[in-house]
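First, one chain by itself in structure tokens, the form predicted on its own.
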């Protein structure tokens, strides 16, 4: 039976030992884990398999962004690895996202396919510098609608865009939300943030949370505090 938690713990560590040490301190029935670029580049598929043997569902956060055939092949490789969720970058375009969705449609137990919209570390000034017209929310909505049209299951979005996307996309469309910071936690380098309770209330399906848990003296206690926040906030979506 798979985990039913809305919490995805971001394992933003530079080495496998630190990631495995953190995983040993938390309950796989109470959260999922995200493996990103640095950790996967250093530790590779072997780490993902080790975490899966501990009982964790894995979100492989590599943000594939390349020509359609290459991204489709990468998504099939992620499916072969048995991950629970994988993502592509929506800026790769509709054909690229559709190729990824089609590749996974032929897999017996496909991972959820999610598209990244605008990184939560970016504000309107940075968008202008790279030639994307602000505001960020408008760009997120356009990319999310493109992802939905391509057959992608949902998007990664900032907490600030949850309500907007819920107004313009189908109820079944998944929203995966980083930039989550409990009231007792520092904001770090995230620009567009929200508390776990507020994000769930607004309609997020999954919350990606890193340092408030991974940097805590007692990661499981920090996870339990966040669970308590979520339990106090009725969700508008499942």
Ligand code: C5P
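For clarity, every value in this text was computed on a predicted model and none was experimentally measured. Positions refer to the first chain, counted from 1.
The discussion below concerns the form predicted in complex with this ligand, not included here.
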Name the stretch: of 44-52, 23-31, 165-173, 201-209, exactly one has residues whose heavy atoms fall within 4.5 Å of this ligand in the predicted bound form. 201-209
Non-hydrogen atom contact residue 65 with this ligand in the predicted bound form at 4.5 angstroms: no
So in the predicted bound form, does any heavy atom of residue 229 sit within 4.5 Å of this ligand? no
Close approach of residue 19 to this ligand in the predicted bound form, 4.5 Å, heavy atom: no
At 4.5 Å between heavy atoms, is residue 10 in contact with this ligand in the predicted bound form? yes
Looking at this ligand in the predicted bound form, which residues in 75-114 have at least one heavy atom within 4.5 Å of it? none
